[in-house]
Structure formats: C-alpha cells, structure tokens
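This document opens with one chain alone, in structure tokens, the form predicted alone.
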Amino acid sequence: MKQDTAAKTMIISSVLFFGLALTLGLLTALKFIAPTVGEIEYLSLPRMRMLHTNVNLYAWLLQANMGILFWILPRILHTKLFSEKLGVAMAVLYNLTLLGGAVCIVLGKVQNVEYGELPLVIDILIVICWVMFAVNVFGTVAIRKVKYLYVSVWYTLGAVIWTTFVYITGNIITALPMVTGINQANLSWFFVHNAVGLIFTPMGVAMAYYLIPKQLNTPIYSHKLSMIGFWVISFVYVWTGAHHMIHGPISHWLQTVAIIFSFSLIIPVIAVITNFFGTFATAPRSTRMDGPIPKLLMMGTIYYIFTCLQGPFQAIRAVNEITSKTDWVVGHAHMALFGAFSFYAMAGIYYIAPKLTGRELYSKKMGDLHFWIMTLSSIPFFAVLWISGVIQGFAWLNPENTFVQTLAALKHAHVMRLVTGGGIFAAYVLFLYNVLQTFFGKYADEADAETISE
C-alpha cells in the first residue's frame, strides 16, 4: 500500500467533518435567536448541541490530529509507519463508527451522560479504533532508526496512554448502573476536562513542537524546557477536573485540590509558550509570518496562553461563583479546542497536504485570507461569550431576576455569536477549497501544460 495513505485518508475526512461541525454550530447559534427554526424532533437544540460537540471532538479534531501524527511520527523517527494497512483499516472503521454515532444522536439513541452521549456500541468501536492507532504508534516507535525520542514523540505516547483511561472513564464507566450521583459527576468532569488536557493538549502540542521548527527552519528554543513541560503536565493535569464543581455537593478538600493543581498548570504552560515564542524570536524574519502556516501556529499559541490563564483564574472560588455553568465556560472551551488546537491542526494540514501531493499549496494568498477572516471572526466570538457569561452569572445571583429577563439580557450576545460564527464558516470554506484543490485540483500551470500538449 502507498505510503501515507492512512494520513491522507484521515486528514481529508477530518476537513469534511469540520464543515459539518461548524454547520451544526451555526444552527445551534441560530436556535438561540429563533428557537422555532427547524422545529422537528431530529433538529431539536439538545440533539444539535450534542452532535456539534461530538463531531467537533472526534470527527474533526481528534481525527485531524491522528492523521497529522501518522505523517509526522515516521519523519521524526526516520522510518515508515508500522502498518499502513492497519492505519487505513482504522481510518475506515473510525469514520463509519462516527457516522453511526451521528445517526444515533439525531435519533435520540444516546446515553444520559454529559459529553458521554454516544451509545455503548459506538464507544466500544471507538476504543477498538484507538487500540489500532496505539499499535501503529508504539510499533512505529519500536522500529525507529534514531536512538533518542524528540518531545513530539513523548507527547504522542502520553496522549495514547492518557486517552485510553480518560475516554473509557468518561464514556463507559460513567454509564454503569452502579455509578450515579456525585460519583458519576466526578468521573464525568474528570473526563470532560481531561479530554482537553490529556487528549487534545498533548496531541496539539506534539504537532506544534514539530511544525514550528520545521516551518521556520529553526531549532526548537530549548529541548530541556520541552521535557520539563511534558512531565509537569503529565502529573498535574489529571487532578483539575473538579474545579468545574466548585460550590457543588462535593468534598471541600477535593475542590481545594483541584484549585491548587489548576494553578500548577501555569508551570508547563510557561515552558511551552517560552519554547514556541523563543523559536519564533530566533527564526529569520523572512520566515516568521510567511504564509498561513506560521500565522496559524502563532495565533494558536496566543489562544493557548489565554486558555491556560483562564483555567486557573476561573478556578478561584469567588470567580467561579460568577462564571460557572455560564457562557464564559462555553467561550473558554471554544478558545481551547477551536482557537488553539484547531488552529494548530489547520496549520498541520496546510503543511502536510503539499507534502502528500508533491506540489505547492494551491494558494498561499487564499490561506492568508482564510487566516485573517477566521482570526478576526473568532476574537469577538470568544469575547462576546465571556462578556455574556459574566452578565449571565450576575443575573443568576440576583433572586429578583427571572429566567426570561436573563435571556433578554443576552440577546445581543446571541446575535453576535451567530454573526461571528458566520465569519468563521466563511473562512472555513476558503480553507476547504484550498485543501481540496491542493489534493485534487488542477493548477493553472498544469492546465496550460495540458493545453500545449493537445
């Protein structure tokens, strides 16, 4: 089988699913303004929100990460992917599983666990796919032709191990009949927070540690600093999920532990951003912002900083009393998964697509335009969610406020959310066209060559 077929399959599939995820997000935002739009059972707001979340997490971002890492790991380790056939089989099974999961959500055949809504049979199939991915990752590391492991490999190995117990805990154990009440809530938020911290963070950072030095043609700023960041995040992140239940019916000591470890996350964040910005600072000026790839990597890093500073800030009890369960948390989650790690994934796809096709990116100018529209749309998108979250939080604390009054106060935010979401979708269309043209389209010089030959 042709080399990199698995990577190509997963990258193209993820890009298409990205469009579905954004479409569902727009529909969800529209329903906050006009609730009667699509007023049928299958397009109800709860189902669309569940579908939007799961397609974003698994069909777009996780699949894009796996496809990119299938390409990156063999290059770092100076070898081929352990099994291209296994990778392709996993990609096919994974996409069929996700399509089945999407149908189940639309039909309302879900588990009653937040963020663990996919039916048990779908969860089991995803676990099987993950085992296949793990075999390929560990197998590729085992047949490597270099002695030492670059930090991207460490983060990838960590993600494989952490994702296994995080996903099983959040999607299978939480649905067991004996796991109820506070115990279920604890495990559920362990999963939700660590889905970001121990799945998408290590995979996103692994990609960035490869892409930034390669794109800038500059060595990473500090290898020692990169390993400090890895080992600290592997120890402290797992304990932070309970900060989503501060002021809830869980033990006070558990809340305090979560707060302390939330602030401890500043240590690995400093290590990561120092390395990334240090590499940008030492790179030649001509390459720092040349084209969409370094721009996306830089903006993803900026969003990563804000995301990781927000986490400890909203873990403070006085702040959490206002922001918890509001639109603030929605904005925070979007900035992590869309702002930081989706920007890294888009940069990775722009970098790898030309390598897979053996030609230049279809249009660097279109890539730049995609970046600017998406960035200028995402900034107010996140900001309006934070602002509306604070308004919402203070309104909830006022016993004289009714639900309708609170909703009316957020109308401007809901409109802004839809408008800026439309800008993000427009930017995605440019991204989609650019990527598909790079893979399948004819360039002007190729068309000219065909005309001459005729």
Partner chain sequence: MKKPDIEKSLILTALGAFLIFAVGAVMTTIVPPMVDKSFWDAGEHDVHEYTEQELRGIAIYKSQGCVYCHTQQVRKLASDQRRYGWRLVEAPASESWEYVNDKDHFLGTKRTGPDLARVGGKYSSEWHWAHFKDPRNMGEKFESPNGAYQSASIMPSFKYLSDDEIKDLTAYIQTLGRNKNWRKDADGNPLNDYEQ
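All values derive from a computational prediction rather than experimental measurement. Residue numbers count along the first chain shown, from 1.
The discussion below concerns the form predicted in complex with the partner chain, not included here.
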item	value
Listed residue that, although the partner chain is not shown, lies within 4.5 Å of it in the predicted complex (heavy atoms), from 227, 121, 376, 127	227
Proximity to the partner chain in the predicted complex, single hit among 189, 338, 71, 133 (heavy atom within 4.5 Å)	189
Residue stretch of 348-356, 284-292, 299-307, 170-178 approaching the partner chain in the predicted complex, non-hydrogen atom distance within 4.5 Å	170-178
Distance check, residue 249 to the partner chain in the predicted complex, heavy atom within 4.5 Å	yes
Contact of residue 110 with the partner chain in the predicted complex (heavy atom, 4.5 Å)	yes
Partner proximity in the predicted complex: residue 96 to the partner chain, non-hydrogen atom cutoff 4.5 Å	no
Partner proximity in the predicted complex: residue 142 to the partner chain, non-hydrogen atom cutoff 4.5 Å	yes
Site check 2, 217 and 420: each within 4.5 Å of the partner chain in the predicted complex by heavy atom	no
Residues from 27-60 in contact with the partner chain (non-hydrogen atom within 4.5 Å) in the predicted complex	32, 35, 36, 39, 40, 41, 44, 45, 46, 47, 49, 50
